[in-house]
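The chain below stands alone, shown as structure tokens; this is the form predicted alone.
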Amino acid sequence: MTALLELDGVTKRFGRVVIAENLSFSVGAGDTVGIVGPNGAGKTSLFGLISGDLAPGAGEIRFSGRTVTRLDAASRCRLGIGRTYQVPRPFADMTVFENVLVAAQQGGGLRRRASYAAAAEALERTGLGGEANVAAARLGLLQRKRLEIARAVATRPALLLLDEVAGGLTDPEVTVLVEIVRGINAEGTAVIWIEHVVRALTALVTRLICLSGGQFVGDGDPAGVLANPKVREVYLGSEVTASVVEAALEQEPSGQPGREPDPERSTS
């Protein structure tokens, strides 16, 4: 079967700064992939290359069997690549529903009736249905993170790129967010998730990639990658012991349903 996303020898440099060095990998429909690495490793730049925010200096990017290397971000979004950004920046004076509707129409290219349906569905899938008429400026951090995901989901992507959406959240809030992403993936959307909150990734993803200096230093099952001495040196720190890795993995198996989130928290 044709992979959903394929990168073949993708390279990107800014002068002497290498942000992607001959990267090749593929992601299938419905896959869950986590990406970790130290600050400056090239993680967000990789998302820029996939989404069209950045153009590679060399290599090829294919999506659903089509070469998209030179397509702009808007075109890739309409083909089915949705993404979030580290810092949510909603249209503060618009309501939650209006924010998501703009994403469905302008990002997803959906017509009026389809865009309203997509916006409503995205709010329900992210637990924001009760805040549809609330101004985005009034949202707390968890709700802003949900809105960021909802805007991406409203474009009806086949591939969802999540960039540190768990950052700054409490442990219970991270659990809520993981369940939201799990539900989106269960409906067939492939997910690539950049995250520093390792437990969020290990609760969901079946494959983990570690980037450093624009290169892969680990790629495989989460337990194996986190136990890799090279990964522990460049990302977790050279002094990290096996017990720290075990603690990060001490939760439900990847891809399997966990406990139901606290309903009080999931509607906050």
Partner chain sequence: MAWVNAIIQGILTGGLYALFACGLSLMFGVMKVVNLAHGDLAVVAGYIGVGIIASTHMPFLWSVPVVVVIMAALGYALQRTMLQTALSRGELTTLIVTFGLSIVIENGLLQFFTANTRGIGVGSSLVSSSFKIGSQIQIGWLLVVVFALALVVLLSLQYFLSASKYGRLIRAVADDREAAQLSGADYRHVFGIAAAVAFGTVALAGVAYGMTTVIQPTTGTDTILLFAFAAVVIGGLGSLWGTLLGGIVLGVAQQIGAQINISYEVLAGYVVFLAVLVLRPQGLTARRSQS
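Numbering follows the first chain given and starts at 1. Predicted model only: the values in this text are computed from it and were never measured.
Missing here is the form predicted in complex with the partner chain; even so, the following discussion is about that form.
Looking at heavy atoms inside 4.5 Å, which stretch does the partner chain contact in the predicted complex, given the options 169 to 177, 189 to 197, 99 to 107, 126 to 134?
The contacting stretch here is 99 to 107.
So the partner chain isn't shown here. In the predicted complex, which residue out of N228, S212, T44, S51 has a non-hydrogen atom within 4.5 Å of it?
Only one option qualifies, and that one is S51.
In the predicted complex, which of the listed residues (A117, M94, L141, A158) lies with a heavy atom within 4.5 Å of the partner chain?
That would be M94.
Any of the heavy atoms of R113 lying within 4.5 Å of the partner chain in the predicted complex?
Outside the cut-off, so no.
C77 near the partner chain in the predicted complex, any heavy atom under 4.5 Å?
Judged by the heavy-atom cut-off of 4.5 Å, C77 is in contact with the partner chain in the predicted complex.
According to a 4.5 angstroms non-hydrogen atom cut-off, is R83 in contact with the partner chain in the predicted complex?
Although the partner chain is absent here, R83 would touch it in the predicted complex, with heavy atoms inside 4.5 Å.
Against the partner chain in the predicted complex, would R151 count as a contact residue? Criterion: heavy atoms within 4.5 Å.
Yes, R151 sits close enough to the partner chain in the predicted complex that at least one of its heavy atoms falls within 4.5 Å.
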